[in-house]
Every structure is written in C-alpha cells, then in structure tokens.
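Next comes just one chain, in structure tokens: the form predicted on its own.
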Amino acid sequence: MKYLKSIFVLLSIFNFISCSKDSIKPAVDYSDVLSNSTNQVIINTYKDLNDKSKLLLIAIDQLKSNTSTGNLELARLAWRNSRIPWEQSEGFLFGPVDQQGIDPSIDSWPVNVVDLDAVMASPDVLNKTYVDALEGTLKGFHTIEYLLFGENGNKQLAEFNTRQFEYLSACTQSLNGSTQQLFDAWRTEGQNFGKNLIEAGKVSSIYPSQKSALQELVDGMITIADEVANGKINDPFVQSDILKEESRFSANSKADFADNIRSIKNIYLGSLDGSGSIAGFYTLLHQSKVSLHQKIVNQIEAAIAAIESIPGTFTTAITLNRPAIQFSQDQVRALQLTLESELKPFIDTF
C-alpha cells in the first residue's frame, strides 16, 4: 500500500510539472507575426535607412568636391530619399533607438541656428568626432536639411562656403554612424535586439510573453499616430506658426507625415510592400475581427491620401488651405482612435 501511495505521489508531481510547462505556452503561437514584424519590417527598414544614409554621404562629398547645381540637387534628393525609411521607422521607436539615445542624434528638431552659426565662425576642426560630441540640435537630418536647403528652402550655390561643406560632410558622417549603430543593434550579426521580439515568452527575451511583445508593437503604432495628429500637424496648424513645422526647409513635411502612417501600415501588414502576403497583425484579426481589419486598412489609406492631398506645401497650407489640413488631421485621429479603442483592447485579451 505504501508502495502504491508513493507511485501516486510521483505521478501527481509529474502531472503538476507537465501542467506547469503547458501553462506558460500561449494558447496560440504568434511567432510568425513577431518574426515578420522584426525581420521583414523593422530590420529591413533600418537596413534601408543605413544604406540611404551612405548614399547621402556620397552625394554630399560629391557636392563638396565638385560644386555644381546638378550635384546640389542630387544631394537634396539623397536627403529626401534617406528621410523615407527614417519616417517609416517611427512606428517602432522602442528598443535601441530609445535605450541607446540614438534618436536625438538622428532627428532632433528644431535646429539651433544660433549655436550652429557660432560653430561655423569658430576655428574648430570640423570632423565626425567633433560633430558626434555636439548636442542633437546641431547635427542629424535637420541640420543637414538646413545647410542644404537654407532657411527659406531656396538656398543658392553661391551661398555655400568651405566651412559649410566641411560641416555638411562631418554631419552626414555622424548621421551615418548613428544609422549603422541602429542597424547593428537590431540585426542578428550585431547585438541582435530583434531576438527579443522573435523569442518573446522565452527566457532569452526581455518580453515575458508573446502578448507583451505584440502590445509593444501596438503601442508603437498608437504613439506615432498620436504624434502625427496631435504634434506634427497640430502644433504649426493650430498656432499658425511655420517655425513649429518639421522639415519645412525642404518642404518635405507632407511626405514625412505620410511615411509615418506607412510605418503603421508596414507593421500592421508585416511587410514593406503593402501586399499583406505574409503574417502580420492583420492575420490576428482575420477570422474573428474581419470588419475591424478592413476598418484599419481603410483608415490607414484614408489618412495617407488626405495628407498627400493637401494642396501645395504644408507651410503654405497653414495659411491658404486650412480645411485640407483639418481633414487630414481628422483622418489620422480616427485611425489613432481605432488602434487605441479596438485593436489594443483586442490584443489585451490574448
């Protein structure tokens, strides 16, 4: 009898351990969604950013060595092209870009023109090491933008001087250093932060569950929708102040805003091509929330279309086409509301 009782106790312990192991497994495996969000969207976007940052440096150095109107326009085009992946990354501004303080080195705004003029007037040697040590408002995308396009966006070749070319080159080298750091932080061959999302729920990840990783991604989408609607569009629009408009030197604000919304689209669909051919957030809604899925897709496309349909530049529209700006803001806010009040609560039930 004593022997049978011992067997019973051992079987009970075995069953308890088995049940405990089962309890930490998700009811549904979301590995494909997390893997595609990481590899297909986030890491590929950062790779594209790093590649285009290198092309911008080549264009700047070409302009520096062969000053011509054609090379100036090529450098300006390279700046616009490198903005695309950066703005399309703002739907997932978590992890290394935040933890390692990379964001301020890449995208601080507004430019500190007073201190920038002081740097230009100084005898300091302008190189990457020097620029790396400066505050964010003296480097990154918008300082390069200011130097390339000028205060009113119509800077002429004759207005450039040797110090400006030196600073442009050093500033772009510094930018490229930051984009390389960001790419290395995420990719498998580097610090492999992406592993945390892909292996969410395992001891190797900072995310205790796949649900918590999915919530991080949803929060990222909500954050950028809020920033576009209630910051980037709202501040210059409501205050009728063009000095609060980001990317006004290059008149690139509308493209920036639309690419911010595309960052939501890319994470939601799990790919950069908009095809939705592989697993993404949308597949989580596929069977039980079809109407919500279609609502999100429609609102994403409506927000992008509304922003891109604002007549003229965002700067001129602040004065001349305010209803179009109001309409675009309303579309982004509608998307934000759906993500906050319907998608996020749905993910919270996992």
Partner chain sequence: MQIIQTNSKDLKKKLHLSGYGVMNLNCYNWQLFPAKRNDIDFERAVLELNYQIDDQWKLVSELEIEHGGTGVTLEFDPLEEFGEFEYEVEKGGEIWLEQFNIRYHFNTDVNISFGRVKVPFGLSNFFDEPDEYRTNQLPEMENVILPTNWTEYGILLNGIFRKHLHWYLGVVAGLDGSAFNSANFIKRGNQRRFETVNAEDIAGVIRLDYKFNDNNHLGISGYFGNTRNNRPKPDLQQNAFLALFEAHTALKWNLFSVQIISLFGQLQNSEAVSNANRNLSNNLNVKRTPVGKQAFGASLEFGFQVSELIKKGMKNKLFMFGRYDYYDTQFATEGSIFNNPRWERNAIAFGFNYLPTHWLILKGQYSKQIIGIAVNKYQETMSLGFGFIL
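Positions refer to the first chain, counted from 1. All values reported here derive from a predicted model rather than from experimental measurement.
Keep in mind that the form predicted in complex with the partner chain is not shown, yet the notes after this line are about it.
Distance criterion of 4.5 Å from any heavy atom to the partner chain in the predicted complex singles out D115 from the list E73, D115, D273, E159. Of the residues given (T188, T129, S277, S204), T129 alone sits with a heavy atom within 4.5 Å of the partner chain in the predicted complex. Under a 4.5 angstroms non-hydrogen atom cutoff, the partner chain in the predicted complex has L134 among its neighbouring residues. The partner chain in the predicted complex comes within 4.5 Å of no heavy atom belonging to N152.
Contact annotation: D219 falls outside 4.5 Å of the partner chain in the predicted complex, judged by heavy atom distances. None of the heavy atoms of F165 is located within 4.5 Å of the partner chain in the predicted complex. From the list 223 to 231, 102 to 110, 259 to 267, 82 to 90, the contact stretch for the partner chain in the predicted complex under a 4.5 Å heavy atom rule is 102 to 110.
In the predicted complex, just one residue of 175 to 191 lies within 4.5 Å of the partner chain by at least one heavy atom: Q181.
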